[in-house]
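There is one chain below, alone, in structure tokens, taken in the form predicted alone.
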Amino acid sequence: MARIRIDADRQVGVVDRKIFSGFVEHLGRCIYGGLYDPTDPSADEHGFRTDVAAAIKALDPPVLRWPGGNFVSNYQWTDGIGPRDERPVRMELAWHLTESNQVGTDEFLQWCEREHYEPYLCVNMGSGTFEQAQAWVEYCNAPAGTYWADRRVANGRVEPYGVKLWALGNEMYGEYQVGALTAEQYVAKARAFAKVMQRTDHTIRLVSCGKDGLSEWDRIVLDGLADLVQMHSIHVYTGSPDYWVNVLSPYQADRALRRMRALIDDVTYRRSIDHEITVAYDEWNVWYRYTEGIWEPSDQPPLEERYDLSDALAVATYLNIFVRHARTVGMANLAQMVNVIAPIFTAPGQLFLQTIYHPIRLVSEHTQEIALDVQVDGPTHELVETPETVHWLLPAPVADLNPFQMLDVAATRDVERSVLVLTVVNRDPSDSVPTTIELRDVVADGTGEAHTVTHRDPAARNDFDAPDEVAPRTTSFIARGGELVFDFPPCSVTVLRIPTVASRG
């Protein structure tokens, strides 16, 4: 029998709700045909699909990143303002498409206002200039009376939008990126962008462009921009047709966050930085099957990944990692929200929720404010070192990572100690794991809830004709005392919500 030990006094950090944020890029059918489609029966008076909006709303993402992604490195934001029938149609150089510019700054920001999301804008540091970035901040945030603010007023928006989160470019290290830079070149360019943007609005929060958290790029960039930025972005995508590599490769994020914690602590000490710097994991997901449209033009909509249950386990593991690193992660943005490597998949007049949707919704809904230290003892699995495992788990040798616990666990509680929430991923594809849950400093007291996503087949998927093939089920249980026993089903994600009171000694 496995054992999970949780001490309600052993806090590892405060969970920032922004770890449940999202990302919508002008890529494939994410915006056009996904978020926005004036021809769809569900479209509102602004052209945005109400069924998609409702599905996103249930995930409750606090922040949405826009407009890219690789797309942004050749994006001229001024193409997307003013009368729609006068906006230019441009060649889109990142994804080999065309950009109609029918959804631009005002459309996106006003949609965010209606849906109550905080926007997070990424500026063009590829083909763009710092003058263009400064103008964008002015357009979004300055009161009427200056050129770009008055352009906003002329376009129908009098009050400033007050956009606070701004990223200094996207993946500028990549040779595939328009205007790719070395780390040193990026620092010099980003400092010029940051200073003029902050002079335009001193209340904005800037995010430096990191890589994967494990590279020399991250060290150089963080050291060069720590005095100007509040967050440092890193990206990770994992996935594999090998079941065990697929469900275990999210530990790439765990290693990256441990290194980023050390880099942040080092630079803030050495340079006497007097403000907090956190990590923005502003692109993450499982993605390995569909790459049409990336390396060369394709007739197929790009990146329309279809997810199975094993992918849902991997996504839940990512979320557990972000919770366990609550001190370090200030934001995480699932890439992406609709159609493109996304939990929501649409066709004209209909949609279905992919397998990964359900753990995201459950963890977002039930995670509490205080992240707790967790000790797990139980069955383990050892990866065999193969080219596939080395590809996903470098630079750490597989031998240094083994053994992996079969159960991956994160725990949170509320400030009042009245609710304890556990998210438990059982990666065993065939066997349940009976588990004793040992509580310290609180005891269970009431009726608990277990929300479980599982299926007999790890490869099970949802589709238009089987939208609930993989769906959560909820059961209740009596929870009393300092020890509980729960049997976690094979190949499952379970969110346990346990009512608690302080223990008496």
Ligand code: AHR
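For every residue, the number given is its place in the sequence shown, counted from 1. Small disclaimer: the values here were computed from a predicted structure and weren't measured.
If you look for the form predicted together with this ligand, you will not find it shown, but the lines that follow are about it.
Enquirer: Please identify the residue among Leu303, Ala253, Ala326, Ala410 with any heavy atom within 4.5 Å of this ligand in the predicted bound form.
Expert: For this set of options, the contacting one is Leu303.
Enquirer: Which of Glu118, Glu171, Glu138, Glu107 has a heavy atom within 4.5 Å of this ligand in the predicted bound form?
Expert: Comparing distances to this ligand in the predicted bound form, the residue within 4.5 Å is Glu171.
Enquirer: Is it the case that Gly69, even though its partner is missing from this view, gets within 4.5 Å of this ligand in the predicted bound form, heavy atoms only?
Expert: Close contact exists here: in the predicted bound form, Gly69 approaches this ligand to within 4.5 Å, heavy atoms only.
Enquirer: Is Met125 near this ligand? Define near as a heavy atom within 4.5 Å, in the predicted bound form.
Expert: No.
Enquirer: Answer yes if any heavy atom of Tyr237 is within 4.5 Å of a heavy atom of this ligand in the predicted bound form; otherwise answer no.
Expert: Tyr237 belongs to the contact set for this ligand.
Enquirer: At 4.5 Å between heavy atoms, is Tyr307 in contact with this ligand in the predicted bound form?
Expert: Looking in the predicted bound form, residue contacts with this ligand do not include Tyr307, since no heavy atom lies within 4.5 Å.
Enquirer: Considering this ligand in the predicted bound form, find the one stretch among 417-425, 331-339, 148-156, 205-213 with heavy atoms no farther than 4.5 Å from it.
Expert: Result for this chain: 331-339.
Enquirer: Taking heavy atoms and a 4.5 Å limit, what residues of 20-35 are near this ligand in the predicted bound form?
Expert: Residues within 4.5 Å: Phe23, Glu25, Leu27.
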